[in-house]
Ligand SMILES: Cc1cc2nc3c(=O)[nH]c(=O)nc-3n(C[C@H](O)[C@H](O)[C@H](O)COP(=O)(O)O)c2cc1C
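A lone chain, given as structure tokens: the form predicted on its own.
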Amino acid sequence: MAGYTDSSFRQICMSQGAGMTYTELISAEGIIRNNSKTTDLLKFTESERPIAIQIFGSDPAVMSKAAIIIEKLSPDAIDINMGCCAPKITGSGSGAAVLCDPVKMSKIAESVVKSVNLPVSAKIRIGWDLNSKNYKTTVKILEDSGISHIAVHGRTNSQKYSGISDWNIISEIAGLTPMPVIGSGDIESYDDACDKLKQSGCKAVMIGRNAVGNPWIFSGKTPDIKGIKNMILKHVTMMMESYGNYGVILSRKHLVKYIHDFRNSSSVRQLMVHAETIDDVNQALTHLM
């Protein structure tokens, strides 16, 4: 969820019933180098708790140093991303690429766990591709490394977000390990989340893409059109408080999702993607029916 899961969005999700939030994935290398853009990604508010700061990297020593820096910020947990399928992440040996190297996986997990007193979790996929679904080995390594809980996305890296998330495998994993398992993938509604939670044996479910423009997925209580318009304006206002006027431009990708299901969304979307001020957003909303 890089580029989406910033503080404003996390606050909104928590206000609508999310049980926990995660930062977008953050470079461990950028953290130890004190890169200003990376440091900005580490910021969070009390209203986002419980919150896990999610990091990625391929060097156990760098991951350890980054975790020590993060602990001083007092998040509720540190999450190791071993599931991101973006080529720029896997190309550096990070994200889901870690699944291909059990030795490195173990060293990364152990180095982070031993460096901090915070709970350390991991986000994984079920394998690199359909011919290497090594989730049983992965889960055992993470369990032995002291990982507190795991989030499992039921696709392989090669699938990206195509096909269907395999909840049978997610359920199998939940029964394999004493670690709490969070299931992820293809949760499209509040009722869907409840069903998957009940059927899978997971301790929780994780919602990502389908929460964009629909934070009510966490409660199942979608407001009327007035409530949706108010949330849009609230979101834009929060973005402006964080990023200045540029926050309106950054919010566009959220705004078009909020209006996705309305009858005349196509014409309003054209206004939204060109909005540069909150007045532009207000004007676009007058056309929403």
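Heads up: residue numbers just count along the shown sequence, starting at 1. Note that the structure is predicted; figures quoted are calculated from it, not measured.
Another form, the form predicted together with this ligand, is not on view; read the next lines as being about it.
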#### Entry: Heavy atom of residue 81 within 4.5 Å of this ligand in the predicted bound form
yes
### Query
Does residue 251 reach this ligand in the predicted bound form if we count a contact as any heavy atom within 4.5 Å?
no
### Task
Check whether residue 94 has any heavy atom within 4.5 Å of a heavy atom of this ligand in the predicted bound form, and answer yes or no.
no
### Query
Taking heavy atoms and a 4.5 Å cut-off, does residue 280 contact this ligand in the predicted bound form?
no
### Query
So which of 75, 185, 127, 215 gets a non-hydrogen atom within 4.5 Å of this ligand in the predicted bound form?
185
### Task
Check each of 203, 104, 209, 133 and return the one that places a heavy atom within 4.5 angstroms of this ligand in the predicted bound form.
209
### Task
Mind telling me which stretch in 171-179, 96-104, 185-193, 110-118 gets its heavy atoms within 4.5 Å of this ligand in the predicted bound form?
185-193
### Query
So which bits of 24-55 sit within 4.5 Å of this ligand in the predicted bound form, heavy atoms only?
24, 25, 54
